[in-house]
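Presented as structure tokens, the chain that follows is alone, the form predicted alone.
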Amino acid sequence: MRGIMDYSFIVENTPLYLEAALLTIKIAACGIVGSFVVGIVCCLIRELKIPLLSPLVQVYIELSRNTPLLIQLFFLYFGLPKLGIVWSSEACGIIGLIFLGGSYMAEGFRTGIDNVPKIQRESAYSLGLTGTQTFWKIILPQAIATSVPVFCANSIFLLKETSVFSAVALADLMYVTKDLIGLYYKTDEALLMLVIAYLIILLPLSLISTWIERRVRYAGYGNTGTL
């Protein structure tokens, strides 16, 4: 029975994990930024009650939030080629994260918008602002400020969700781990490196998120008083 870990194996394969970690961060960053944009667009459509688009947005949110990311990735990677649409593993990962994260961001922003007092809208309209101007200049800035905790939590959630990308042959951290276990049967070492890699990625993000939330509260950006 093995009593100690093979540290030479860990040192030898650290570059593989570093490369996989960089790919994971890249895809997660693209997915988070894309989710943020999709969330804002969905909020604008629902806020302005745009015909046809508002029901479609609601359908998208329900569909996205009630299907696992793994199923969505399978559809993008294995299902769409049947229709003649072929995307790379990396593209599927980014699109899948945006599709999933956009709905969560939209719901987070909706909560922030609901927390903005109605008098804010009434005051903006009385000053002659249109619905779109009111949304962009008055409602959205306050909604984003009050939604910072939700946005940070969703960002961490999306980063964790990257662990399923190996299912579509994307060489992320989980893919490298399963590959090394299958080739060398170094389960303990491979899993240890996987845990450390995710800690190195997620712990700083968590600390930064906490710092941002405190700064927002300290600055009073979450206070939706008068216009």
Partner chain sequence: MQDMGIQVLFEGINFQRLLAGLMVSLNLALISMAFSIVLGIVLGMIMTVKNRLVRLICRIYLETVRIMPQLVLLFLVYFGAAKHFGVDISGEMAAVIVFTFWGTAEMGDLVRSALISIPKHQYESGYSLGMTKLQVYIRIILPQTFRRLLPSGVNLLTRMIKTTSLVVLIGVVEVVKVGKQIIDASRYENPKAALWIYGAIFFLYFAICFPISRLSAVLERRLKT
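Residue numbers count along the first chain shown, from 1. Predicted, not measured: the structure shown is a model, and the values here were computed from it.
As for the form predicted in complex with its partner chain, it is not shown, yet the points below apply to it.
- In the predicted complex, every residue of the candidate spot (L70, L83 and L203) has a heavy atom lying within 4.5 Å of its partner chain.
- Contact with its partner chain in the predicted complex, defined as a heavy atom within 4.5 Å, holds for exactly one of L48, V33, V41, A167, namely A167.
- Proximity to its partner chain in the predicted complex, defined as a heavy atom within 4.5 Å, holds among P117, P149, G79, G131 only for G79.
- Heavy atoms of K160 reach within 4.5 Å of its partner chain in the predicted complex, making it an interface residue.
- Not displayed here, its partner chain is approached by I181 to within 4.5 Å at the level of heavy atoms in the predicted complex.
- At the 4.5 Å threshold, heavy atoms of M174 reach its partner chain in the predicted complex.
- Looking at L191, you'd find a heavy atom of it within 4.5 angstroms of its partner chain in the predicted complex.
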